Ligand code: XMP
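Here's a solo chain for you in structure tokens, the form predicted on its own.
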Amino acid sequence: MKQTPETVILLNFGCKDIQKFARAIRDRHIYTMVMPYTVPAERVMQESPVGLIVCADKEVPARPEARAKFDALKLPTLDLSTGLGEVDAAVRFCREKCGCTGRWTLENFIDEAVADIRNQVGDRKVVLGLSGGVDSSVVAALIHKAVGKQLTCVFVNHGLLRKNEPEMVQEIFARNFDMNLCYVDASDRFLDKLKGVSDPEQKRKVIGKEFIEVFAEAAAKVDAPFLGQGTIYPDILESIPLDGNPNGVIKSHHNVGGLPKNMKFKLVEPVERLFKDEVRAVGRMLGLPSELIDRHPFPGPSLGVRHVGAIERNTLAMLREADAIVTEELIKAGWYHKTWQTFAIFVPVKTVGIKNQQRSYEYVIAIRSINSVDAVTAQVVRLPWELLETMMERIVREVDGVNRVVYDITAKPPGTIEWE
């Protein structure tokens, strides 16, 4: 990771709100990095920090033995129990004791990122796996701004995308950027490999392995030594165990340490120090349209983890149509930007119902709507009853094979955001 001037390190001694706290200080144009208290002092000093903030809940005080190695660094240090009410005190400390001038702005970040990419890449080529999501799209825009036609984006359609997504992504990038975009339709290849696979983890592995193979085949034609990635800062935070115990990892991200060791590419990761909201802001500054920047997050395995059980082409089509209806009605009602994620899930259970004045025995669609800050926890959204009724009526009427709709009211925890 690249060094950032005037960095203040937040030492995490078990604070559940550490990401919110870090973002709140960044909003005052002071760059913060979160590190677990188990990190070696030498790793802290690699960032050339101007100060430390010790973040510990009242319930879990900072351990004296762990503090000693950081005290030895002789850096200005502030002890805080976390809470957004203490942001003002933290900002005063950063300015008065650490000499921070408030130079951390996203405008400056863009200029620095473009310069860094140019220095790293030179006159060579970069290949980027474009998913159509916010992170990879912003990375594509940054790298394109830096090196133009030296970038080739590879957009792989694995057959699990949302309705009209392949056409939409290609149209948006053609309209906004004069960039090299290679579209690979591997739908049949993926769906054939997934046939009969019902275990969620196995489905993820099949999708991940096949994607790497398809992407590698496309990338080989470009002959690029650099691979662009949409790694963002929460990916890194969540992949680091707080106490050194692997079980302390919130979730392992495929783009943090999950790439092959013998990979020939050198990584270009320009947004690896940004939080999600900062990535979106950078995208707007780069001219990406709202229809792309403000989309709900979408999992890497796509509809594959929203289709419970083995994926059949006909039931996948049901899910795709139902999901499109949910999104359309959410937008019409003005609720799309009031929720973090709202989507449909295919449930491989048949129930008795009545359709067209006749008995039916068809499948179930579930609707899930949640709000979250960092996707580590999530709260259920109480969508208006009238909106849910409209979604239900359209799904049952327009989606062949479905006769029942249910609403998921489970928070995270105990549930996860996705069903698989």
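Predicted model only: the values in this text are computed from it and were never measured. Don't overthink the numbering: it's just position in the shown sequence, from 1.
Quick note: we don't show the form predicted in complex with the named molecule, though the next part is all about it.
Check each of Gly132, Pro301, Gly159, Gly129 and return the one that places a heavy atom within 4.5 angstroms of the named molecule in the predicted bound form. Of the candidates Gly132, Pro301, Gly159, Gly129, Pro301 is the one lying within 4.5 Å of the named molecule in the predicted bound form.
Just give me the single entry in Trp340, Trp335, Phe215, Phe265 that has a non-hydrogen atom within 4.5 angstroms of the named molecule in the predicted bound form. Checking each option against the named molecule in the predicted bound form, the one that comes within 4.5 Å is Trp340.
Thinking of the named molecule in the predicted bound form, which stretch from 340 to 348, 311 to 319, 87 to 95, 192 to 200 has heavy atoms inside 4.5 Å of it? Among the candidates, contact is made by 340 to 348.
Are any of the heavy atoms in Pro297 no more than 4.5 Å from a heavy atom of the named molecule in the predicted bound form? Judged by the heavy-atom cut-off of 4.5 Å, Pro297 is in contact with the named molecule in the predicted bound form.
Is there a heavy atom of Arg284 lying 4.5 Å or less from a heavy atom of the named molecule in the predicted bound form? Looking in the predicted bound form, residue contacts with the named molecule do not include Arg284, since no heavy atom lies within 4.5 Å.
4.5 Å heavy atom contact, Lys412 to the named molecule in the predicted bound form: Contact with the named molecule, yes.
How about Lys163: is it within 4.5 Å of the named molecule in the predicted bound form, going by heavy atoms? Contact check for Lys163: no, nothing within 4.5 Å of the named molecule in the predicted bound form.
If you check in the predicted bound form, do Met33, Cys100 and Arg273 all have a non-hydrogen atom within 4.5 Å of the named molecule? No, none of Met33, Cys100 and Arg273 comes within 4.5 Å of the named molecule in the predicted bound form.
Stretch 139 to 154 - residues with a heavy atom within 4.5 Å of the named molecule in the predicted bound form: Counting only heavy atoms within 4.5 Å of the named molecule in the predicted bound form, no residue of 139 to 154 makes contact.
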